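Form predicted on its own, single chain, as structure tokens, below.
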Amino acid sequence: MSRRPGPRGFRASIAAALAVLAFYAGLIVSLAWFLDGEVLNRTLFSERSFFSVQLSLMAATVATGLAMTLAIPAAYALSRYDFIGKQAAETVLEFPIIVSPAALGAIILIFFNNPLGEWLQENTIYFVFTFSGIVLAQFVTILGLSVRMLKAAFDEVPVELETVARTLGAGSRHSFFTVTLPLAKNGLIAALILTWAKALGEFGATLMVAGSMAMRTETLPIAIFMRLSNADIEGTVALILILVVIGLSALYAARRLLGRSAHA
């Protein structure tokens, strides 16, 4: 029989949750010490900041779309089938987690200095120091996370429901789109939002592959780094607040959407 935690354990759990909240909230609130209204207004409406925000939103959206396109079938295969190389594939999903984003970016950069990488850039798309490089860096960073989260969502859908659909005459593709995807909808939405937010805040790999050229490859996280490297604390705080507001707004919208779906 399961036992509920006693009053002491209940209070300790709540205290731990509030401590986590206080820790992160304290870090965010501490930004107010260097918050300057004039600098904030000037930074928010500067052409360079607007370009960085727009570039970050576009790149994160494209990278997330590409990642989800590959991650959905890959996650479904890992969730439903046994095949040669499955354990290796699941292990590789942790690669972007155990390797720092800067190292991932260095790996990509080294690849494009190999004969195959040079041929790809000369005959297909040029990635280094371009918008495509930003998308590629973010894609490499978030793909493993996308597959991992989507696999967990598909694992929650009972296989028996797909079996019933097939016994009623539905093909594998039809049962996937009419049974599995609708039932995994909340997990799909959560994976989409979280991977998008992760791509939006990606820094290390993007800096390595695309550089930090103003009005060209300077995403919002890179703009924050450049401001800080120039000792512009007030401008750094202004850009951090922009990134925090965008990220938290996306997470809040996802929670509201998932809450409505669960209620329905």
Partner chain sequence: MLEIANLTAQAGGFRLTDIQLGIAAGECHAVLGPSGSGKSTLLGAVLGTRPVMAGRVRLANDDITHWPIEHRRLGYVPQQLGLFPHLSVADNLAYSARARRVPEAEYRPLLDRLVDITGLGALLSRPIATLSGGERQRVALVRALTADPRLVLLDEPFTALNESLRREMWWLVKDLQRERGLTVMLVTHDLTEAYFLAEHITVLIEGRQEQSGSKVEVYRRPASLAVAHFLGLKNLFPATVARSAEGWIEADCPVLNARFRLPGDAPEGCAVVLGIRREDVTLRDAAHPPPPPSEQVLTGTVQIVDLGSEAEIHLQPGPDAPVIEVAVPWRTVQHFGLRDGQSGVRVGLPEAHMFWVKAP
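All of these numbers come straight from a predicted model, not from anything done at the bench. Residue numbers count along the first chain shown, from 1.
Another form exists, predicted together with its partner chain; not displayed. Remarks below refer to it.
- Considering its partner chain in the predicted bound form, the lone stretch of 103 to 111, 143 to 151, 157 to 165, 124 to 132 in range is 157 to 165 [heavy atom distance within 4.5 Å].
- Note on the partner interface in the predicted bound form: the residue among 192, 120, 170, 74 having a heavy atom within 4.5 angstroms of its partner chain is 170.
- The closest heavy atom approach of residue 87 to its partner chain in the predicted bound form falls outside 4.5 Å.
- Of the heavy atoms in residue 183, some are within 4.5 Å of its partner chain in the predicted bound form.
- Within 4.5 Å of any heavy atom of its partner chain in the predicted bound form lies no heavy atom of residue 93.
- Residue contact check for residue 175: one or more of its heavy atoms lie within 4.5 Å of its partner chain in the predicted bound form.
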